[in-house]
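Just one chain is shown here, as structure tokens, and it is the form predicted on its own.
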């Protein structure tokens, strides 16, 4: 018969075995993750032409990686513009299982697959979310000689149809502008697409359009002589532009308020995605790589100067963010605006 001491000894031995196995398993898992290294140059597939928004971000990150020797192999920028991101997404999707292909993200890689029948439909399911690097907020921008504040803009938009300069048909800023139109109870806006954010800013600065909702970095070259922010879409005023009130302050608290907001709406997001079925150990390697980039003084200074919101998410966190982000896009694009989405859209 086993006495009390015997039972305790047996339990102690069992616990020791369990701890030892857990330790060995953990070491093995960490070793597997640490063991992965890229075996050839990494292709950074960029949706825009050289000089475009995604191109600027991707090359900035690559510059930091090279400066601090964060990668044992070169990270090579490859521009694949076309189809509002469709060309680059199809290329990335074709590299299933090969972790040497990644791409920067922006909102068109959400909207384009919802509109066009390409191999990718939902980023969160059909590609590999890697990291989220920050949010690039929208702000309502006007020429100071046309409108001195939001109240003047609001009165004008309810009397006549104002012209908005935008980055492209069915792009993220058109969605924000449509939501504004309903939230502010304005006359229908005229949306005039341009080649990119820089041209959008020039159109308003040159008084060829009444307003835009571009990112702050696009406005800064003309601020404050020819462009001023008159409304921001977040809970608190942006530290960089304290003169601009928020839509919450102005009483825009209807069903549209959350969809206009930086945290719960459809503002521009910047991150990194990879080929489908990327091995977990490769994902961990990229998470570590881009966290190092995110923590550099260069990247923090870049975000600060552009009035961007610093946010870092790992792969799983980014995937959960994308699911909600994609669902909100479907809701607004199809159910609110009435755009026709691809007829094979998977239900969620």
Partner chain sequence: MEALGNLLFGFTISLTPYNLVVAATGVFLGIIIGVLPGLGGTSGVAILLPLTIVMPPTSGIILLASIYWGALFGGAITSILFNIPGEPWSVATCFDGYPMAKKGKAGEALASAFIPGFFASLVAILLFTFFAPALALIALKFGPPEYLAVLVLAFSTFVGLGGGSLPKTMASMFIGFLLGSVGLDIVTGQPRLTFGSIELLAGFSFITACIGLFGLGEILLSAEESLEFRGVQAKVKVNDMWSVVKSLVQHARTFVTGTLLGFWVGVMPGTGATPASFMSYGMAKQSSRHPEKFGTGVPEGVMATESAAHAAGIGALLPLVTLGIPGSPTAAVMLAGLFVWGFIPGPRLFAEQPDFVWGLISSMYIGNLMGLLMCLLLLPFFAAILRIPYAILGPLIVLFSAIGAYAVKNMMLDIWLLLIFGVVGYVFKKLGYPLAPLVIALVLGDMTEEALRQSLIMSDGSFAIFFTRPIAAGLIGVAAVIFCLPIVGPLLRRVVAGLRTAPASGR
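Numbering follows the first chain given and starts at 1. Keep in mind that this is a model prediction, so the values were computed, not measured.
Keep in mind that the form predicted in complex with the partner chain is missing from the display, and what follows is about it.
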Among 134-142, 167-175, 96-104, 231-239, the region lying within 4.5 Å of the partner chain in the model of the complex by heavy atom distance:
167-175
Are 245, 311 and 338 jointly within 4.5 Å of the partner chain in the model of the complex, each by at least one heavy atom?
no
Picking from 121, 257, 84, 154, the single residue whose non-hydrogen atoms come within 4.5 angstroms of the partner chain in the model of the complex is 84
Tell me, out of 252, 114, 262, 205, which residue has a non-hydrogen atom within 4.5 angstroms of the partner chain in the model of the complex.
205
Heavy atoms within 4.5 Å of the partner chain in the model of the complex: does residue 41 have any?
no
Hey, in the model of the complex, does residue 79 get a heavy atom within 4.5 angstroms of the partner chain?
yes
Taking the partner chain as it sits in the model of the complex, is residue 282 in contact with it (heavy atom to heavy atom, 4.5 Å or less)?
no
Residue 71 versus the partner chain, in the model of the complex: is there a non-hydrogen atom within 4.5 Å?
no
Residues within stretch 190-210 having a non-hydrogen atom within 4.5 Å of the partner chain in the model of the complex:
190, 191, 192, 193, 194, 195, 198, 199, 202, 205, 206, 208
